[in-house]
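The chain below stands alone, shown as structure tokens; this is the form predicted on its own.
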Amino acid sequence: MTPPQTALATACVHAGEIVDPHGSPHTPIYTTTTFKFPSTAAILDVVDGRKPGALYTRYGLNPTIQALEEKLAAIEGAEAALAFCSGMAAESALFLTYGRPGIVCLGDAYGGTLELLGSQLPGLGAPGYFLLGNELGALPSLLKRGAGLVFFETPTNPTLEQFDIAAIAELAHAHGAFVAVDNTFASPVNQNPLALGADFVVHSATKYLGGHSDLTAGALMGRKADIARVWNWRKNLGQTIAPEIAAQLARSLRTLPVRVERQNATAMRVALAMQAHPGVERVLYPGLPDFPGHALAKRQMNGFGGMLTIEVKGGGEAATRAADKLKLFALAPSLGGVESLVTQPCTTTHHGLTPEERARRGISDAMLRLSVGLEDAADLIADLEQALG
């Protein structure tokens, strides 16, 4: 049951939790694969959608999963949500449902997303179009040609580029297209795309929503009728989250605001320290006044996030040496956990792109992407300083 309070922190704790007859404050884990009914009429009420209820876990009709989805919807201010076994599962179900007329991907994106849109979905009749931030002038022509979905991250991976959600949504809607925003980097604490006009929000819940690097999951939020069209794709592709992982994710969401707010504050301190370091060429962080998208970030974000990218002086080899010397920052892909991570995009997230394509997207070999965790800010800064020499 969702409480009457609408504050994010309250929704993170209470939204979706069912009333347990034994008094547990949290929804129990129903590992059951199927659920019995007292009569044929009762099962048909659920099968035909006349009444809510548990039916079959692969369908997502499981109390643990349904409770999580109500919580996910509440924290993004959505009418409905679907939980998936991964962020890529959420994206692929969304693209297969709404992307057949064509999907326009704006700016940088996760490497797996670029591969899905550029190499795999076109073979299924869903063409992908790619526009960088300085090519948005071409978006109206693609929409006029019939592209039905505009997809983008903001902030982007790994350059933290900002896209104006409200302006893009207004343009897309004028041409009858949907807008989906990957809100993974920002999290619902720092940004609310649906309130700015987006139709869908997608998350790799593995990251900030999970927050502890111990689960893999995805989420999709939006209007009830629009989300309902995605449900069958999730069911028949077998993409539903497991009840055990759903319970783990619900646990993590209860601490989301305090985690992200701390990461925001620490990331700002790290960004300022790196900006002053002689071994750093530049720092990409939306909270810095000289960041190209700072004004837009102030307008559409509630906080600047725990992700930043530094460009090390001396090129790719110097960046690799620095990454290898770090002690507190673990050299690993992923992000959003309580521990700080570092990755060199050219060797991990964007390794699949050609050097020429990375250069076109402004992703240099000298870049190190930092995911700031919950450690002490001074300790993290000291670790970076010793690694940079």
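No experiment lies behind these values; they were computed from the predicted model shown. The first residue of the sequence shown is number 1, and the count goes up from there.
We do not show the form predicted in complex with a small molecule, though everything after this point is about it.
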Here the chain appears without its partner; judged in the predicted complex, the stretch of 67-75, 130-138, 88-96, 192-200 with heavy atoms within 4.5 Å of the small molecule is 88-96
Heavy atom to heavy atom, is Ala217 within 4.5 Å of the small molecule in the predicted complex?
yes
Practice problem: Answer with yes or no whether Asp226 is in contact with the small molecule in the predicted complex, where contact means some heavy atom within 4.5 Å. | Solution: no
Taking the small molecule as it sits in the predicted complex, is Ala322 near enough to touch it, meaning that at least one heavy atom pair lies within 4.5 angstroms?
no
Query raised in the report: Counting only non-hydrogen atoms and a 4.5 angstroms cut-off, does Phe185 reach the small molecule in the predicted complex?
Result: yes
Among Phe291, Tyr110, Phe163, Phe178, just one has a heavy atom within 4.5 Å of the small molecule in the predicted complex, namely Tyr110
Interface check vs the small molecule in the predicted complex: of Thr206, Asn264, Thr159, Thr240, the one with a heavy atom inside 4.5 Å is Thr206
